[in-house]
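So here's one chain in two forms, each on its own in structure tokens, numbered structure 1 and structure 2.
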Structure 1
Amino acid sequence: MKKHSSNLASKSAALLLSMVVGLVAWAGSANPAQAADQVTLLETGSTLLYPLFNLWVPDYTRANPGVRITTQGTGSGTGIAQAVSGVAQIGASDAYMSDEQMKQNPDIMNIPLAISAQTINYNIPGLNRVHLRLNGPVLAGIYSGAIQYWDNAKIKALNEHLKLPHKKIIPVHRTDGSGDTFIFSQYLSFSTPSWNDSTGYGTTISWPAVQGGIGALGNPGMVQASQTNLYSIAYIGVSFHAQIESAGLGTAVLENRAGRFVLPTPRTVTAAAHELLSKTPTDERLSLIFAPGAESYPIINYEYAIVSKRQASPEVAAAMRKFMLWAIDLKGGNSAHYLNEVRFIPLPSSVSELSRKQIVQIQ
């Protein structure tokens, strides 16, 4: 009887060991398969777009566990460069690529995801709750060093009802390759011929040497530099409106092409966009800066995903197509639920369709 019990115990132990070994083997084979099924995408670039991606990604990946998306706010210049080199699958940019860049990289596409704007902000004690009137020529004068004090006659002429201080202006500009610099310098170029002739526009430009001027990294750096330097002025992406408000900065009303002074609101951004929608080409590279129209806010732009038509694998391409189609969908990433938080407006249907036609080319 004891011998029988011993044999039974031995068989039970062997069976248990076999089950454990089987479970370990199953787990070992299941985990790699699960990892292999997950696709990882890297998004890097625009600090203006960065807050929107950080709203999108948690919700999208929760609903699509087979894809992992990493986001990095590195500046539009880096976003473009890393998408072109293949380091990143999505290069976020406030700027479209130039004709020369496109000739060198024919597989790269510039795909609008939404429409945004840029604000001009300042830190003037006693005036931060007031909307100063500014225009392209005055801003060009400030950033070129021709206008040095807040009570300069050209600023006073736009703000006759205000007592402006005789304090030196501290212009703040981006030091990284930046789509914000691209659209700000476009506004200066399109509104002020002398700026266009001397400095021009781009994601990086040779800023005129202005005594006391400050360089900052990314939109977070622009907010911080303006907050910590009295009498400063800066250009900041509208998606940082909460940080601008928290820092107590003022926001300018800007003169548009029609000579009207307007704030960036959904109405004025939409008005500007609709003035130029019909001019959007199939490759969607188009400036929306300084649009005509009485209600148009002058510094708005398409927010671009810079992507290659040719991805590393069919799985990556499929994940890219699915995510980006969701991003431009009015029931997905272009819904008010997301865009209102960063003060963007959705793509109009005609532009959304152009983006869709580009997205489906990813392979």
Structure 2
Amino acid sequence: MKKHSSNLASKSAALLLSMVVGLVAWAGSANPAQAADQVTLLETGSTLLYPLFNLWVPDYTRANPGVRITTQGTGSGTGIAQAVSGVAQIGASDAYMSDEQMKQNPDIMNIPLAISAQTINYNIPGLNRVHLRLNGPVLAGIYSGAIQYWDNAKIKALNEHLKLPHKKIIPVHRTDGSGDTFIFSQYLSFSTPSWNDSTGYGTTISWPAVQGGIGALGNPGMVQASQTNLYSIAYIGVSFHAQIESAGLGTAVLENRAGRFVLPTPRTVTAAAHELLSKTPTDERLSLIFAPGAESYPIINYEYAIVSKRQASPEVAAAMRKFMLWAIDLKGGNSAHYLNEVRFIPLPSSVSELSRKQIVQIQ
């Protein structure tokens, strides 16, 4: 009995070991010839840009078999850090780098690839079909706990024709570091001085403690949390439009700098982008939040590729230039075919030109 079993054991052990060795050998010899003349690029970072890269890469690499591009959704901070350290070639970020970060890393460039937006969504039975009007100070009040009920006078003042319920508001925020938090808190900061003084903006902010407020993980967590919690409010990346629709959430109309209330549509997002065209500096580090102009939607942003001017080899640099030029091309990555899927807006031509000038500096 013992003998038999130990035989079985050694046999299975030998089998296991040979499987491991064989596998490693097989994987190692998979396609060395092909790998040798291929350039491998690693893209990592923003979870907002991740879906877009996942649409781009299969098509691009099919047309350009000499390059392999791996995509990762790790978060904007990771994208920046790993582009700086050289672990990744392309760091995707919803936020531009700070002055201090630029001072420390003069070789790093912030290159917009597309324009994204964010929607404010809520779940109030009976009111999800109409568009509730909200503005920065009211949202700041909700997220700081000063405004606790949906029938608060300040919300009523914006929505006089609606019958608002006397129910507690459940503000939902992201718990992970996120570009969505960055642009949402920037909207609150730019529109509401008291928020700017007390909390400010960032990818993770020190949220004021609001009784009943909840945190959620990632955009799917935000959608789910606001779907399951009646009378909640959340900020969600525009790529998740389809999920927001199927969850039956309401989308708020937001007050812009000009005092007009606008819905997030391609027209209002484009309008906001155009207002800030002339202000975009050559290094393209600019917030598009709370743009002037009557038609401008207030929460939009450039989606950045963070890349280093100095790459490991001329081949890598050439592959990056080619890919990124394709990405910002209206006939390539910036075509409606890709951007409509994630509801992004193409770069206006003057910004596209600035991006191009930066891209050609990659050596």
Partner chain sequence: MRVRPIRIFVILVASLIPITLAAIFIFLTLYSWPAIQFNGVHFLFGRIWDLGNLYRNPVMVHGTSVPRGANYGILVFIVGTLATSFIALLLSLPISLLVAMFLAEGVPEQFRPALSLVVELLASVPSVVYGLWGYAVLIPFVANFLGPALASVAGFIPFFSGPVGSGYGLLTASLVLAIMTVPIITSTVYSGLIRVPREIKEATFALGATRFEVVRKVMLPSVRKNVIGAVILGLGRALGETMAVLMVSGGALNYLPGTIYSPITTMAAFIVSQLDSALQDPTGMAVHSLAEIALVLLMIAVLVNIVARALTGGQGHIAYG
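In this text, the rigid core denotes the largest set of C-alpha atoms whose superposition between the two forms falls within 1.5 Å. When a residue number appears, read it as a position in the sequence of structure 1, where counting begins at 1. Everything numeric here is computed off the predicted structure, so don't read it as measured data.
**Q** Given the two isolated forms of this chain, which one is the form predicted alone?
**A** Answer 1, the form predicted alone.
**Q** Core-aligned, does Pro112 move its Cα 2 Å or more between structures 1 and 2?
**A** No, the C-alpha position differs by under 2 Å between structures 1 and 2.
**Q** Any chance the CA of Ser287 moves 2 angstroms or more between structures 1 and 2, core superposed?
**A** Stays below the 2 Å threshold, so no.
**Q** If I superpose the two forms on their rigid core, does the C-alpha of Ser189 end up displaced by 2 Å or more between structures 1 and 2?
**A** Shift at Ser189: below 2 Å after core fit.
**Q** Any chance you could measure the C-alpha shift of Arg68 between structures 1 and 2 with the core superposed, in Å?
**A** C-alpha displacement of Arg68 between structures 1 and 2: 3.4 Å.
**Q** With both forms put on the same core, how far apart in Å are the CA positions of Ser313 between structures 1 and 2?
**A** Spelling it out: core superposed, C-alpha of Ser313 shifted, distance 4.4 Å.
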